[in-house]
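This document contains two forms of one protein chain, each encoded as structure tokens and listed individually as structure 1 and structure 2.
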Structure 1
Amino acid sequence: MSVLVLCERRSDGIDEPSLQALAFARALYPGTSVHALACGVAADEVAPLLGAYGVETLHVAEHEVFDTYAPHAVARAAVELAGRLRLHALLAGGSEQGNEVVARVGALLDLPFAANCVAAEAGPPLRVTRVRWGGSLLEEALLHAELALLTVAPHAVAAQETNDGPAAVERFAPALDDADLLVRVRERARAAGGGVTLADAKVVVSAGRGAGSAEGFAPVEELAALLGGAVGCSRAVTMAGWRPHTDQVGQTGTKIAPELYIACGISGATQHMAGCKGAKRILAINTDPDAPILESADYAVIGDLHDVVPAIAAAIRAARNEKAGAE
């Protein structure tokens, strides 16, 4: 018996969630041979990398459709391969793409699928712990299936290198019909670059309903600019139309991982906090000393953001002027 991990390509190799899924699979079935499927990759570039992460055999599906992202064709290729291997489990990273492709495999094979697992114990039945509510709640469940389908929640485990040599490569051309080729990226619209993105910013300054209006964001923007950071907001703000949804932090917005998250006039609902679990430190600015966000914040200033934020901006300027003067 063996396991199969679907590996998502990235311009410079294989994406991190796939490597994490490999570590998860090896821990779940120690000693079992690990197969990987990658679509549309240069086998000789990827085989050494995947070998180093414990893959015994790399299966490369070849078809012109894999020049772009074609999730249904990937699922078809995985199903074809799964039919040839004797598998305990088929896994992928818990990225949008990993979840989508494994869901399609589940639909094609009419098998249950557990998305975003953080732990698992071999069965049968396989026992999983999976993430719900964007990370605010865990579910323990049994997966009743001959072939377990699951994805691994991002950062549930770390990618782990072994000292193995390159994976053996097996190429195949999956049988795909017109319907399988339909869903594919036709065009990539690149966003105009520039500016710090919310997901990558080292500092994020957010405001919530406490900002009171779209204009209430002026001092927040100023503080973010002074710190070279990005502006974020809560869903209360996007629903009010004060900021675009691209600024929203949370379960249904962007997940952020800054060094410092400054959350002004945000109460700290679980769905908001689901988006900033990756923040190293949180500073809350809130009029209410009992706001739930104070239970996940490292630092707090109790006060009206309309007074506190401009005062911080002024103090930063003063401190910088002083430093400049001293030099």
Structure 2
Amino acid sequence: MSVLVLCERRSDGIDEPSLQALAFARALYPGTSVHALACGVAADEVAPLLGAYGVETLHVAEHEVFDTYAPHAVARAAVELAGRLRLHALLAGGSEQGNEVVARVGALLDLPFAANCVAAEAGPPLRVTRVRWGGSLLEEALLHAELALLTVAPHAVAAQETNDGPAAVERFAPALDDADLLVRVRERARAAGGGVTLADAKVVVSAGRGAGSAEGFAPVEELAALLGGAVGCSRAVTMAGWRPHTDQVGQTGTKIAPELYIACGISGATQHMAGCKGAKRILAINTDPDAPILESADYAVIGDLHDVVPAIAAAIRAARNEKAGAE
């Protein structure tokens, strides 16, 4: 018996939610063979990485459609592979793509699917705990199926290396028809500005209504640049048109896990906290000492972001200048 994890590619290998799903799978079924499915990847490049995270065999689906993202084709490849392996479960990271593909696998196999799981106990039936209602509720449920289909909520577990050797590689060409090729990404529009992304940033500096306007983000952008981080915002900001949706942190935006999250003028609504709960440390800057975000913050400054953020930036510049002068 074995478990299969669907792995999403990125420019430098495999994305973090997929590596987290591998750790989740190993903990759920200790001692079980862990297989990975990747589409359109350079096997020689990712096999050592996946082997280091406990993958025994990497199955690489090959077809020209996998040069881009084609969710139904990936689901069809997963179903074909599941028919050849004696699987306990099929998992993926709880990203937009992971949830979409596993949902399609469930539709193809007529099986239930548990999304955004944070914990599980092997069955039968499989007992899962999953995030609901934007992170405000944890639901416990039983998954009655011969093949368990689930995705792992981002940052529910940490990716953990096993330091094993490279995964064995098996290539296959899934049987795809025209319907499987119908939905695919034709073009990607890059966000202006480039630089580090919210998902990858070690430091994220965000602002909410307290910024006051689009121009009010100037000190936030300055601090993020000084710290080599990314700029984020709350849903209220995107709804006001001050920042693009790609900058939004939250349940309906980007889920982040930086080393430090600096939240400026953000009250801490449930959907926002669901997006930043993976942060290692949270610094909240708010004029309201009773703002809900303070309950989750490791550090807090009660004050106006337009006064506090420039002061932090000035202190950083002064410290760096002093260090440079000493050298």
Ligand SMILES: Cc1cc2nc3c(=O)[nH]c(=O)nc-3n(C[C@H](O)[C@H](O)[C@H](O)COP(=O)(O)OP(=O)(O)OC[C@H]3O[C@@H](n4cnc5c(N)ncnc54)[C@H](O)[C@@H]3O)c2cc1C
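Numbers follow structure 1, counted from its first residue as 1. Note that the rigid core is defined as the largest set of C-alphas that superpose within 1.5 Å between two forms. Fair warning: this is a prediction, and the values are worked out from it, not measured in the lab.
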Item to complete: Look at both copies of the chain and name the one that is the form predicted on its own.
Response: 2
Practice prompt. Align on the rigid core first; then say whether the Cα of Leu37 has moved by at least 2 Å between structures 1 and 2.
Written response: no
Worksheet item: After superposition on the rigid core, does the Cα atom of Phe113 shift by at least 2 Å between structures 1 and 2?
Response: no
Discussion item. Is the shift of Ala27 between structures 1 and 2 large enough to count as movement, that is, does its C-alpha move by 2 Å or more after the core is superposed?
Written reply: no
Worksheet item: Can you give the C-alpha shift of Gln251 between structures 1 and 2 in Å, rounded to one decimal, after superposing the rigid core?
Response: 3.3
Worksheet item: Once both forms share the same rigid core frame, by what distance in Å has the CA of Trp242 shifted between structures 1 and 2?
Response: 8.3
